[in-house]
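Here we start with a single chain on its own, the form predicted on its own, put down as structure tokens.
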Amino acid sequence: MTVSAVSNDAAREKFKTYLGTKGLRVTNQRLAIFEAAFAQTEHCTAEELLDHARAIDDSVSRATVYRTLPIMVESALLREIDIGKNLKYYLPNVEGGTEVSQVICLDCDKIFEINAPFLEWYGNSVASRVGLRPVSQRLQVSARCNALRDTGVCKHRPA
């Protein structure tokens, strides 16, 4: 069994348990959304996730996806990345993935995930200065593509 399979099994159990603590049922549709989300290796929107979930279970509704995503984010199973423009992306929050910052290309909306092991230390440091304990944090950098500026071509921009 691969490491990702073990992580997905543990995450699936965490999802089921979390649903129970919220008084919500574990349904085939919610499990299809979970499976679709955890099959992603790139950031995806709710609409893209809906398509992937429907490929697993065609009874998954748009409303169920939009109700399930906040639950998965709240349970720390998914990371939600809001790039503005009324557009949010989601990516599984794999083990060790909490100390990550995003660099967002303003030219093509590509999201780059960068390891940021200093985030936990930084969050603890600034929160403790005012007598608080951090519960979440995020670092996002918006940037422009050097290649697009210099050559007019960006390999991340759709053709």
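Just count from 1 along the sequence shown to find any residue number. Note that the structure is predicted; figures quoted are calculated from it, not measured.
The form predicted together with another copy of the chain is left out here; the points below concern that form.
- When you look in the predicted bound form, the only residue of Ala39, Leu106, Ala46, Ile56 with a non-hydrogen atom within 4.5 Å of another copy of the chain is Leu106.
- The closest non-hydrogen atom of Arg138 lies within 4.5 Å of another copy of the chain in the predicted bound form.
- For Val130, a non-hydrogen atom is located within 4.5 Å of another copy of the chain in the predicted bound form, even though that partner is not displayed.
- When another copy of the chain is considered in the predicted bound form, Val26 lies well away from it, no heavy atom lying within 4.5 Å.
- Under a 4.5 angstroms non-hydrogen atom cutoff, another copy of the chain in the predicted bound form lacks Ala10 among its neighbouring residues.
- Screening 46-54, 62-70, 107-115, 29-37 for residues having heavy atoms within 4.5 Å of another copy of the chain in the predicted bound form returns a single hit, 107-115.
- Contacts between 69-92 and another copy of the chain, taken as any heavy atom within 4.5 Å in the predicted bound form, involve Asp82, Ile83, Gly84.
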